[in-house]
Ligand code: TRP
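For reference, the chain that follows is the form predicted on its own, supplied as structure tokens.
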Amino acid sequence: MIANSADIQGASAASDTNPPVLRVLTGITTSGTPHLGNYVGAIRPTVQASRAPGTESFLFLADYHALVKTGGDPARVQRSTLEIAASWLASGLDPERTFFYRQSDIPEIPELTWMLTCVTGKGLLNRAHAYKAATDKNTAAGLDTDADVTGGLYMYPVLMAADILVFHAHKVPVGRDQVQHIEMARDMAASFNHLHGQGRALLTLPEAVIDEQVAVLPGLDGRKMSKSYDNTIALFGPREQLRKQIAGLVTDSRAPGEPKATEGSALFQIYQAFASADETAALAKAFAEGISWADAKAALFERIDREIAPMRDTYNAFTAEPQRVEAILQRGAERARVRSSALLRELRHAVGLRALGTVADASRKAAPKAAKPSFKQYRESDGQFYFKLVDASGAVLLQSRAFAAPRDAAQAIGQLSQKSSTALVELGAQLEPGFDTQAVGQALDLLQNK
């Protein structure tokens, strides 16, 4: 779900006093400079969604995930973290209305990752698309199946599941290529609940949400816009850089005046992601009438710049003050950890990671009281009053004869309770014969805690 900085992911908290209607979490991997794919696929929609009533948004910088791809370039991870955080803030994100944080500032995420690892079958991880793609590539090249496959790549879906489950996500915005990861997170949550929940849903099963219009934005070469393909269009780069990159979009060889197809056109798809329905229809008409590629690219540049330009100065101001961004992220992590730490306390207890003294106390409190013999007084249909002595299992040890008044029966019970076995002789005429004197005597002793 967050295999590179173009990907998005979503999730949701342990115990809310007033649970919102919906919790949504989106993360962007800090592996490169933010680009239009990040903006259209993750940043813009999550900023808009965060303003919806009845919604809690958890938005984070996925720097742990970045280590899978950039482990040898720490400066890149740090720089990307600043740039993506600044992009979110410049796009209108209110950090006080959302939970905005850096993944590595939430220690409960790696802790939950390990708990999930312990309930996740290897077969499930073997089927992950990224892992299968790596092993298939090795097999085709005649290499060892797992050549250059790190544990980070293999365990990537588990870390992603922890990102989601640690905040009890209801909905997870993803591209279609990431739906498998949400299904895997559901599988892991279900396994954990089954093994440790004792009938309770300790972890919430999330659902994937796909926006077909913007799930995957094409890059300069027509493939998915991704740092991995080096085909991105920078989000907040200089204005002339944006113009130059758009001019480099791959198009076909149709000359000016020749009708052009909107279907399969990366240029048209990118324009559609920024334009209104009327603007999109107007460009489609221009395509049919044979607009030149140069004019089409100029129209795309103007439309994107109209939306991006007002935010560019704000972005530059944030990147020039990294400590200001750091303070915002730390505050966000503080708020988010109220939720994540509450969940992990519950999960640690569920799996047996408990303070020993607490467990002993809890065991003593939870231990059921030893059952004792007891007297049962009652009235029969004949209008007379009776009592009986039953043992811990409910078996009758002693049965009385009839009493005219309930007080008389109660007095007999009192005598037996206080005098123990000696009262059996004194009350002989009031008891049905045939009882086991020794068993009754032992029962009466137990009643007196002897």
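Everything quoted here is computed from the prediction, not taken from an experiment. All residue numbers are counted from 1 along the displayed sequence.
The same protein also has a form predicted in complex with the named molecule, omitted here; what follows describes it.
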Residue contact check: Asn231 to the named molecule in the predicted complex, 4.5 Å heavy atom: no
Contact with the named molecule in the predicted complex for Phe287, defined as at least one heavy atom pair within 4.5 Å: yes or no? no
So, Gln178 and the named molecule: in the predicted complex, are they within 4.5 Å at any heavy atom pair? yes
Are any of the heavy atoms in Asn38 no more than 4.5 Å from a heavy atom of the named molecule in the predicted complex? no
In contact with the named molecule in the predicted complex (heavy atoms, 4.5 Å), from 383-391, 39-47, 63-71, 396-404, is stretch 63-71
Which residue, Met225, Leu116, Ile106, Met160, has a heavy atom that falls within 4.5 Å of the named molecule in the predicted complex? Met160
Quick one: of Val172, Leu203, Ala85, Ala336, which gets a non-hydrogen atom within 4.5 angstroms of the named molecule in the predicted complex? Val172
Can you name the residues of 29-52 that have a non-hydrogen atom within 4.5 angstroms of the named molecule in the predicted complex? Thr29
